[in-house]
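Just one chain is shown here, as structure tokens, and it is the form predicted alone.
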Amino acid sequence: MTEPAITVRAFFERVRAGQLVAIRCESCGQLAIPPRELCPTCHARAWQPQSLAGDGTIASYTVIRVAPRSHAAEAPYAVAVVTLKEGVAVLGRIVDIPLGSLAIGMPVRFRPLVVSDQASIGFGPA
């Protein structure tokens, strides 16, 4: 088995540092985020890291009003599927945008979120 180009742990360490990174299959060119073992298109294990600009548009979103217990104090909040300009889609939490202003097609920009020392993907105003 070959070593992954970027592990999930390394992926979130880069998110914490403000870098959004995908992996590109060297066999077919497929872009994937977050990292995975096999290319979903050709099933190869030939990945190379690729930096992403972090600019994209909201493809879909939902407002969480009844949150899991660990996030109950943060409700309501929104999560969105964002299509990045590189063509790959990623799920992230919306920050610094009023919930009533959210719309499909709205431009957003990647922002790292760190809560309780755990990094996650966020998106704010472009």
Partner chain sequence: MRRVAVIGVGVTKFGLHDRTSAELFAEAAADALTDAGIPASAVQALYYGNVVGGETEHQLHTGPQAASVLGIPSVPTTRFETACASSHAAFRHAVMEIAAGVSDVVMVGGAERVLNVTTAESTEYFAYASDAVWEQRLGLTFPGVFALIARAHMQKHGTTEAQMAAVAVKNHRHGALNPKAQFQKQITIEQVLKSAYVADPLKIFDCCPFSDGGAALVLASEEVARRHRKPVWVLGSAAASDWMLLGDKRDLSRVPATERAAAAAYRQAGLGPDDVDVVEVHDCFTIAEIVATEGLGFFEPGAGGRAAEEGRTSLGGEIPVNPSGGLKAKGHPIGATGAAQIAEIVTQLRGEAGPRQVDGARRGLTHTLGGNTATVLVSLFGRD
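Residue numbers count along the first chain shown, from 1. All of these numbers come straight from a predicted model, not from anything done at the bench.
Keep in mind the form predicted together with the partner chain is missing from the figure; the text below concerns it.
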Exercise. Is there any non-hydrogen atom of K85 lying within 4.5 Å of the partner chain in the model of the complex?
Worked result: no
Exercise. Taking 4.5 angstroms as the cut-off for heavy atoms, does A126 touch the partner chain in the model of the complex?
Worked result: no
Exercise. Just to confirm, S60 within 4.5 Å of the partner chain in the model of the complex by heavy atoms?
Worked result: yes
Exercise. R36 near the partner chain in the model of the complex, any heavy atom under 4.5 Å?
Worked result: yes
Exercise. With the partner chain left out of view, which of S70, Q48, S51, S101 would have a heavy atom within 4.5 Å of it in the model of the complex?
Worked result: S70
Exercise. In sequence order, which positions of 10 to 26 have a non-hydrogen atom within 4.5 Å of the partner chain in the model of the complex?
Worked result: F11, F12
